[in-house]
Structures are given as structure tokens and as C-alpha cells.
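The chain below stands alone and is given as C-alpha cells, in the form predicted alone.
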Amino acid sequence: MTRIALFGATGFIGAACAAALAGAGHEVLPRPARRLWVDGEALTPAPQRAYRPHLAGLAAELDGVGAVVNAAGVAMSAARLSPGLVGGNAAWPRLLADACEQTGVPRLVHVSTAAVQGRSARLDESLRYAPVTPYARSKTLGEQLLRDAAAGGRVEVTLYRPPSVHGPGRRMTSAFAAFCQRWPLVTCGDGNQPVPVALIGNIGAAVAAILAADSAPLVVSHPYEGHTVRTLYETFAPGRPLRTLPTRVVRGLLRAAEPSGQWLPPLSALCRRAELLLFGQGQEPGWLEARGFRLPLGQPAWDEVAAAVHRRSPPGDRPAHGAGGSPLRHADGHTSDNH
């Protein structure tokens, strides 16, 4: 049994981590995250200056802890690159790493996001980055700061990257289900493109598996859950037809929107979500698969989630066809429901 300090324990992913770690026999100690407001430029030359006043108090909370899991941060995929976003997703995890080093905590598992690799052809466990949105850029900066902290060798850091996370009661899941019912279902190609998504129960199990190992690599990606664009649509909108759009035209429209997305983050986030459903994104097998880890939840659990979402949204409460909706968005498991 290990005493594990869990930050963000009341959030969507944090609660799943708490349940999985407790189920594995660990003593889970919920801890409050600090709200940091930090300018991105202040983190580049000397990140400690941005949060040094918090370090001593945080280190005191880690006394007697054998590992730290960070599931806290600012999870807003359409946000601008603000001091709050940088503070929550970059300065905060680096502060945790420095507190671990100061108190001798040997391991830190940080819940990051697959969004740091953005438009990469295939997700993998490398440090190659291609963030699209300000949110993804703030998470990338957090990973880079933790990479630098890990280079000192006094704390083992693992950057765990889940993709879009779905589950009962999650607004993102409800919004995606509504989108599938309200709008025509479209994609490019035959719809068999792999799409990176995850069930919340599998996220907690993956974090527990990382900590069950004596050591883990710097980057661990969430295993591919087997969904394609077609099967994801069929899960949330069975029986609805899937229409095919011309790939060249769609790519041209998305490229035309890209310059505007640089100064309009909601547009950039929307285009990225559309890309995932139109083109999909492949993934290289990773460390968890190589260790023989198997996802505890499969398609029956996905079906249960879809059914639960539809039960919570009776027909009379659903907007008419053509109303707004939100497709897939990346997730990283923080206290906000806004991935």
C-alpha cells in the first residue's frame, strides 16, 4: 500500500482516479490544488519565481507521501492563453514537481492530454508537440516544465495523456450525444478512421496501473479503445446514416479558417473537434499495452453510457433538429467539466 496525495480529487477524472487507487489498496489523500496566475513569459527563464511563495506550504502537505497524482488544472479547450490557463496547466504541475523534490516524494503522475500532439498524424509517447489551441499550448508548456524537472533525476515524473474522456453525467458526453441526434452525421472517407476517445473508468484504471509498476517512462499514452468515427456515431446515434464529404474541399475550408482561429480560440477548438470526426487520428501502441494492461471497460460500457445520457435527456427537453451542439473535444481530467 502507498500513501498517494491526489490533487483534483473532486473533479471528473480525479474522482475516477481516487476510486481506482483505493480499489488497488492505496491510501488516497485528497489535497487542494493552488490557483496560480502566471504570465507565460515568467515561466521560461526561472519558473520557480512564479510560485515560490506556495512551495513551502505545499511541501508540508506531502510529508509521508509515497507518490503524487495531479488531476487538477484549468480544463477549458476554447480559452485564451491567459495567466489563469498558464498558471493552472503549466506553473501548477511544475510547483508540484518542485515540492516532491523538496520533500523526497519519489513519483509524480501528471494527467496531461493527447491534445498536446494536436494534428500529429499518429499519437505516440514522444515529446513531439503540435498543439492547436491555447489550452493545448498551456498543457504543452506544463509537460516541458515537468520534463525539465525530471531531468534532475530526484523525482520520477510520468506524463499520462488521455484523449477525449466520456462518462455518465459529463456535460461533454451529453453535448456530443445531442450533436449526434440533431445534426447530420458526416465524415471524410469510409468512417473507419480510428478516433481517440476514452471511458472515465478506463482512465482511473490506467493511472492505477502506472503506479502499480516499479517505474514508468516519462510519457505514457492512454491505450486505443478501438473506436472509429463510424462506431462512435453508432454508439450515440444508432441507425442514423453516415454521409461522406469530399476530403479536399473539407481540408480547404479548415485551412481557410485556421488564421482566424489564431485570434479566436473557440473557432480553433471547434475546427479541431471537427477534424477528429472528419479525419480521425491514429495511435501507436504504448507502454501500457506492452506491459499487458487491458482496459477493464469495453463496448458494453460505452453502450451503457450512451443509454444513460439519452435517459437523462427526454425528447421534450431536446432542441429541434438544427439547434446547436458540441462535438468531440480533448480532455485531460481536471476539476472543470469544460474540456
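Since this is a predicted model, take the numbers as computed values, not measurements. Start at 1 with the first residue shown and count on from there.
The following text describes the form predicted in complex with a small molecule, which does not appear among the structures shown.
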Here the chain appears without its partner; judged in the model of the complex, the stretch of 52-60, 299-307, 66-74, 278-286 with heavy atoms within 4.5 Å of the small molecule is 66-74
Next on the checklist: Within 4.5 Å, heavy atoms only: does A33 come near the small molecule in the model of the complex?
Outcome noted: yes
>> How about A206 - does it come within 4.5 Å of the small molecule in the model of the complex, if we only consider non-hydrogen atoms?
In response: no
Next item on the list: With heavy atoms only and a cut-off of 4.5 Å, decide whether T158 touches the small molecule in the model of the complex.
Entry: no
- Query: With the partner left out of view, is A9 within 4.5 angstroms of the small molecule in the model of the complex by any non-hydrogen atom?
  - Reply: yes
Exactly one of V165, A177, L146, L232 comes within 4.5 Å of the small molecule in the model of the complex through a heavy atom, and that residue is V165
Original post:
Hey, with the small molecule in the model of the complex, do I13, G88 and R170 all fall inside the 4.5 Å heavy atom range?
Top reply: yes
